[in-house]
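For reference, the chain that follows is the form predicted alone, supplied as structure tokens.
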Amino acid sequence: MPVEELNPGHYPARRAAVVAQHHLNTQHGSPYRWLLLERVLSATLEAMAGMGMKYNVEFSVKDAVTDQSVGLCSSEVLFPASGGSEEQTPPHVQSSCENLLNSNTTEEEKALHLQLRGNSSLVSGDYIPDSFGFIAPEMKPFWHLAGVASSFVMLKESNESTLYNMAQVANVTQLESQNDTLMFRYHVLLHEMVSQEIIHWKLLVSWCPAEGVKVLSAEWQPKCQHCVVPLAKTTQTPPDTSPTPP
């Protein structure tokens, strides 16, 4: 199959760029850096015999913390062929970016880490954001951390028929820690935007400035037949599902 040019505004191009976005968060995310797709600039698709479908996408990225553009990225996203297996293989992603890490968040991260280590009580919160889209200022780092942690799950769960983002944090609880690594238990609601399903996951997340964000365990929760998308705004624009012109 020859290389096919994709419409940057249509779903296939956006899907691949969002997968690359999740990959970038697993590499660079923190409570003060949560990367989101801003705009797809160009995209191509190529069928790789025996390997799967390869997308090359160029896109701009913004930081949800500052709501400002932070760089341009070029990514190769390979959705592996199933090979007859029922078990899904996560996409393979390689990315290079310009100016992505120019904004230094070290001081903010150290200050938050010091504060949380010194608090007399552990942090906890529910329904972030609430049904009006409000997030208390002191809870915003934990919303950003949830978005980064959710990217680990969304990257693993993504395929050519999905488009994920995080809709809400149902609950976050800071756990006791015996060292510099802080531990959090999250219950997050992920929005699969193609099927419009809300999917619940429970995550055990660790974070410290020196080691970054890690998801130590991720537990899928049984499907909720009555769940709907919260009234709060989600972090991505719904995909353009109009057909690509021939």
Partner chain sequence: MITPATSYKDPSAQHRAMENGQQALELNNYNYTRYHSMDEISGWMEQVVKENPGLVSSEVYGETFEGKNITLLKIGLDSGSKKKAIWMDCGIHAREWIAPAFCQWFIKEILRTHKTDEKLNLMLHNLDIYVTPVLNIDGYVYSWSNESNRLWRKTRSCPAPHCECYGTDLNRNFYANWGMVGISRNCCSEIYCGPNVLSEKEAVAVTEFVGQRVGEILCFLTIHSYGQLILVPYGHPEITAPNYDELMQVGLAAAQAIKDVHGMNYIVGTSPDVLYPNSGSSRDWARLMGIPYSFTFELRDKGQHGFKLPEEQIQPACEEAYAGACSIINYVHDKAFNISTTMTTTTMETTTAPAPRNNAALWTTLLVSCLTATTLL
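Predicted model only: the values in this text are computed from it and were never measured. Residue numbers count along the first chain shown, from 1.
The same protein has a further form, the form predicted in complex with the partner chain, not shown here; the description that follows concerns it.
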{"item": "Contact check for T44, E58 and S69 against the partner chain in the model of the complex, heavy atom at 4.5 Å", "value": "no"}
{"item": "Proximity of R33 to the partner chain in the model of the complex, heavy atoms at 4.5 Å", "value": "no"}
{"item": "Interface membership of L112, the partner chain in the model of the complex, 4.5 Å heavy atom rule", "value": "yes"}
{"item": "The partner chain contact in the model of the complex: W143, any heavy atom under 4.5 Å", "value": "yes"}
{"item": "Contact label in the model of the complex: N119 to the partner chain, heavy atom within 4.5 Å", "value": "yes"}
{"item": "Location of the partner chain contact in the model of the complex, chosen stretch of 189-197, 213-221, 176-184, 49-57 [non-hydrogen atom, 4.5 Å]", "value": "189-197"}
{"item": "Partner-contacting position among C73, A167, V77, V148 - heavy atom within 4.5 Å of the partner chain in the model of the complex", "value": "A167"}
{"item": "Contacts with the partner chain in the model of the complex - residues in 132-171 whose heavy atoms fall within 4.5 Å", "value": "F132, G133, F134, A136, P137, E138, M139, F142, W143, N165, M166, A167, Q168"}
